[in-house]
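Single chain ahead, written as structure tokens, the form predicted on its own.
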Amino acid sequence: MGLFNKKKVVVPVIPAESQDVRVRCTSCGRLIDYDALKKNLKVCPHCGYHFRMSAAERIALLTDKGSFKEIGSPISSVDSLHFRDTVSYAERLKKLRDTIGLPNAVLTGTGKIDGVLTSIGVFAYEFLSGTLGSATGEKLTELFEFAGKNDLPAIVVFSSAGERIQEGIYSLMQVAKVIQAIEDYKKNGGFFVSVITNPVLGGPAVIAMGGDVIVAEAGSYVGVSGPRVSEQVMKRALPKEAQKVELLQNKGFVDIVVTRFQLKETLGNILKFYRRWSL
């Protein structure tokens, strides 16, 4: 088991430097200084709960400094259904682009992980809960096509609430589209590592399960629907751990579960092993 170090990791406790902004941990309920939380990779220093990270934070965490470069041109969704809830979908998209600085819910590019060049896609949960829209599906497809043409491994970090309701069938179609792109990539010798973070639901969960190696952050949820929706449909309470990656690992659906502190090293080890094996 030398490739993947399974020794217990002690979550470091970083003393608070500022009491100006404090957040409450979703898991243990304790208040945490936000500056200290950020320095601790957004992991609760008391219970180890993993807070969500933005796409930019994920890129900074996983890729070697200064190595990430975006691929392709910006792609945005179109309001084909003229969808409206409290505001129109077109207005919502514009506001997200202006405030978040991303045109869609995934950031794609190339970067080095422990010195190994790879193609990488990172879902942006901050963009409509990372939902899978037409632009998101197009960028993921583009990523796998680029990885195939350039003989690169592909890593996708998933964090999504499912398909995007504002795009209806156009969103649902992206699941089949991306899966087909992955299959074409793998048939030609491509190597796909999927990374599950909290949560990964609906179509993106189906896509994530297509990885040659499936890595997950500790405590993450994955499934066709979230726990609350599943309980409403089944009319009964589910076991607390039913959709957690730790149970899925025990059942053989997830290969590796690690803390955020181990994630880059683990991915680097996988990529180095693949590079040696593929030569």
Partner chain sequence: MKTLPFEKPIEILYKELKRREVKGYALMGLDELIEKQIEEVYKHITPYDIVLVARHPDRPQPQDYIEKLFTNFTELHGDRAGEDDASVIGGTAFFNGNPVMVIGTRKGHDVKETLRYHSGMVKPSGFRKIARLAHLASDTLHIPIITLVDTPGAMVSAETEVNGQVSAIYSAISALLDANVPVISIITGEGESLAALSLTVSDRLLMLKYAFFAVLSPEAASSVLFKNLDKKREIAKELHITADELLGMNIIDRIIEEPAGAAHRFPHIVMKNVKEALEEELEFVSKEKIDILKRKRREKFRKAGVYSE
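Numbering follows the first chain given and starts at 1. Please read these numbers as outputs of a predicted model, since none were measured by experiment. Just so we're on the same page, rigid core means the largest C-alpha set that superposes within 1.5 Å between forms.
What comes next is about the form predicted together with the partner chain, which is not displayed.
Contact with the partner chain in the predicted bound form, defined as any heavy atom within 4.5 Å, is confined among 50-58, 31-39, 229-237, 63-71 to 229-237. Relative to the partner chain in the predicted bound form, residues Q166, Y170 and I207 are all within 4.5 Å by at least one heavy atom. Remark: T110 does not count among the residues lining the partner chain in the predicted bound form, judged by a heavy atom distance of 4.5 Å or less. The closest non-hydrogen atom of D114 lies beyond 4.5 Å of the partner chain in the predicted bound form. Remark: G223 counts among the residues lining the partner chain in the predicted bound form, judged by a heavy atom distance of 4.5 Å or less. A residue is said to contact a partner when one of its heavy atoms sits within 4.5 Å of a partner heavy atom; R84 meets this definition for the partner chain in the predicted bound form.
A heavy atom within 4.5 Å of the partner chain in the predicted bound form is found for exactly one of A90, L152, A176, L102: A176. Shown here without the partner chain, the chain has S134, A135, E138, T141, E142, E145 in 134-156 lying with a heavy atom within 4.5 Å of that partner in the predicted bound form.
Once the rigid core is overlaid between the shown form and the other one, G210 does not reach a Cα shift of 2 Å, moving by less than that. Taking 2 Å as the criterion, P227 counts as shifted between the shown form and the other one: its C-alpha moves by at least this amount when the rigid core is aligned.
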